[in-house]
Ligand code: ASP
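Encoded as structure tokens, the following chain is the form predicted alone, with no partner shown.
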Amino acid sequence: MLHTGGTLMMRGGDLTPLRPDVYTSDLLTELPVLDRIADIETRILFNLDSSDMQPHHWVELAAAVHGALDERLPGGGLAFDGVVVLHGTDTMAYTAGALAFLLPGLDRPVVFTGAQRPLAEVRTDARSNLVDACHLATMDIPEVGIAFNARLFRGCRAKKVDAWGLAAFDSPTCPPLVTLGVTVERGAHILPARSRAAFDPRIEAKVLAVRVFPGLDPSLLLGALRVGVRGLLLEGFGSGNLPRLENSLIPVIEAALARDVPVVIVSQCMRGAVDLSRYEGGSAAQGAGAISAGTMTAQAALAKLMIALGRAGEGRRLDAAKRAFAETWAGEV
């Protein structure tokens, strides 16, 4: 169990802001039932509100997971059947998506979980989420997932959809990998185990994500290109449509490609997919060289773009992004 912070272990409440608390590994005192699920070893990586998580934290966490999955017992057997990551909910989907891409050779489960209310409170979802996550981490589910409210979502297809309800996460374009009820219902789409692969930490964080809106001034994006943005993610309307008349974004795409800066388009909608051929604005964007992210969430597309650019050589960013978004790395489309 790798601890990174988040509401689950915070203190505070109605009169004071929630803040990271001093973490202890004595979870069994609060939840002795965990001892009936597995022999759990806890390690502290960070103790952060997840709004303070940065891409370099993703890489450090991925390296820790990769290293744990490579550990062996004195007799030669695997040290761990799975990994649970305690993480704040606000940016959990970003981190889970990044780890799905940073851990390509996954043969065991990596299960993220957190809570909407701290573990120390009487009425909390932390207990059930922790029990579920530990249970799921012992199963044959070789994916990065998010365990929340009795469901396990594919990490690179999930997003936070509710800041107040206990069903904080959903995966609108991909059914849950597992639903935990009276029985355990496994989805037929769980990925098979993959051969272990070398860890590649390269990532390029100089990426800009912009939600397109009526009145967006293209000069703002052109200014971002001038100051060194390496990749651009646009959240388009509907099926990826962009303005092409007044405040047209097509010249932005053309200027970006001239600088070897890829432009990836995702949809603002919860459901559906980007289809740049459907409307004139999307078709113009495609003609200018924009890349469709298909059914990908904005969170996963951003992480994939950063990782693809990190592995690209100078002058090859556009080609690297085109290849990356033409492939499926971890069931993200």
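Numbers follow the displayed sequence, beginning with 1. Computed from a predicted structure; not experimentally measured.
Missing here is the form predicted in complex with aspartic acid; even so, the following discussion is about that form.
Heavy atoms within 4.5 Å of aspartic acid in the predicted bound form are found in one stretch of 134-142, 171-179, 212-220, 115-123, which is 115-123. Think of it this way: in the predicted bound form, aspartic acid has a heavy atom of just one of 262, 88, 109, 236 within 4.5 Å, and the residue is 88. Between the options 48, 37, 31, 64, the residue in contact with aspartic acid in the predicted bound form by a heavy atom within 4.5 angstroms is 48.
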